[in-house]
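The chain that follows stands alone, in the form predicted on its own, written as structure tokens.
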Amino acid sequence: MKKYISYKNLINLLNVLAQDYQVFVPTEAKNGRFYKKYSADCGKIVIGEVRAVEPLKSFFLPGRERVAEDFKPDLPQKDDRKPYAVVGVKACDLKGFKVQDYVFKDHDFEDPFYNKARQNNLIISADCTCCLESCFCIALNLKPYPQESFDINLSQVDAGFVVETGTQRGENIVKENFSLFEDAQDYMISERNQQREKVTGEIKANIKTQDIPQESLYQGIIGKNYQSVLWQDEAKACVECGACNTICPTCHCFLLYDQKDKGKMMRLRIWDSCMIKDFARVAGGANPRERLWMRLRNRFEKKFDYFPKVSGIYACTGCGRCIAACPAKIDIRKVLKRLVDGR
């Protein structure tokens, strides 16, 4: 049985969760939706609409993280902060978990910091209720509403939300706070389904208007175009800022460095970017990707060739963040179109 929660009771639920979690909610701003720590004065909370500007990975793989102290074999001292409860997460960000999990949790080596975050943090996702011009998730075989990888999902309907649970943890939260929920009525489910069809249609129109190729056409496109001039063409405008990497929900490369502070040594992990010249440089100064166009090609190769081969996943979610973040206006959709067309 699906449940229903009013907006007022959702706020009550957030107040309950704030006792055990650091609750983050998407809030309205002039240039997008940004996560803020939940409080009475955090601003206008926007559960539906579209994905936040910052990627979900920032809660699970911080931009800067301490991973060792004084070169001791043990992990850094226990972090006593409450785990996160991230609200309003969209389907495109949830797909990012598939790539991040493959790298840090389900592959050759398990990252203890990432694993702890994945185990302890709570995900309350939400349907998209509209789309951005840059959204093309359906081309990557995603829906604009979550279908997996959430604890609780919220589908906005008149005056409240239809609630679904995806894990036992989510089920327990609903049961423990049963007085805040009621059974969802048939007309609520119907309204939810109509809303989902509406947004799906809007994104399909985006894809058709911009002639964005479907995922089924991506197989082998990198190998066929490996020596293509398109890499040099597209790289001409690139300013090598790395914004496309840091804003992407699936990019995960990092750099380790040591820092001394007050007589104590710390090893830190920070996000890195494959678009930066020194990314592939090795001892002695050799660099297998010394040209910018080579680094651009490598970025696409990893997303659309390497990951499908090793994990069966295209490492792109169609969220459009890289399109919005790129100061040079390099458009991943147009590059994909050129790759598929072989020009």
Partner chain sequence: MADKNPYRPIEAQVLDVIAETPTIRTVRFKTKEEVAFVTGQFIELTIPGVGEAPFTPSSRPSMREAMEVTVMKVGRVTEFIHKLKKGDIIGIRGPFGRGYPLDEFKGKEILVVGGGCGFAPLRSLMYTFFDMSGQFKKLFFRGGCRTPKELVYRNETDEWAKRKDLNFKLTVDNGDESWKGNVGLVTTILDDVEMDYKQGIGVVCGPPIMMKFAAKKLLEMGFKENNLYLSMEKNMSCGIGKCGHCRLGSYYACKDGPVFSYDKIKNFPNIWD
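Numbering follows the first chain given and starts at 1. What you see is a predicted model; the values in this text were computed from it and never measured.
One more form of this protein exists, namely the form predicted together with its partner chain; it is left out here, but the text below deals with it.
For this session: Find the only residue in 183, 108, 186, 158 having a heavy atom within 4.5 Å of its partner chain in the predicted bound form.
Result: When its partner chain is considered in the predicted bound form, the option within 4.5 Å is 108.
Exercise. Within 4.5 Å of its partner chain in the predicted bound form, heavy atoms considered, which of 104, 145, 231, 84?
Worked result: None of the other options qualify; the answer is 104.
Exercise. Is there a heavy atom of residue 269 lying 4.5 Å or less from a heavy atom of its partner chain in the predicted bound form?
Worked result: Looking in the predicted bound form, residue contacts with its partner chain include residue 269, since a heavy atom lies within 4.5 Å.
Exercise. Does at least one non-hydrogen atom of residue 279 fall within 4.5 angstroms of its partner chain in the predicted bound form?
Worked result: Judged by the heavy-atom cut-off of 4.5 Å, residue 279 is in contact with its partner chain in the predicted bound form.
Exercise. Would residue 313 count as touching its partner chain in the predicted bound form under a 4.5 Å heavy atom rule?
Worked result: Contact with its partner chain, no.
Exercise. Is residue 217 a contact residue for its partner chain in the predicted bound form, using a 4.5 Å heavy atom cut-off?
Worked result: The answer is no: residue 217 has no heavy atom within 4.5 Å of its partner chain.
Exercise. Do heavy atoms from each of 4, 13 and 176 fall within 4.5 Å of its partner chain in the predicted bound form?
Worked result: No: no residue has a heavy atom within 4.5 Å of the partner.
For this session: Sort through 52-60, 38-46, 24-32, 305-313 and report the only stretch with a non-hydrogen atom within 4.5 Å of its partner chain in the predicted bound form.
Result: The contacting stretch here is 305-313.
Problem set entry | Residues within 4.5 Å of its partner chain in the predicted bound form, restricted to 288-320 and counted by heavy atom | Heavy-atom contacts to its partner chain in the predicted bound form: 288, 297, 298, 301, 302, 306, 310.
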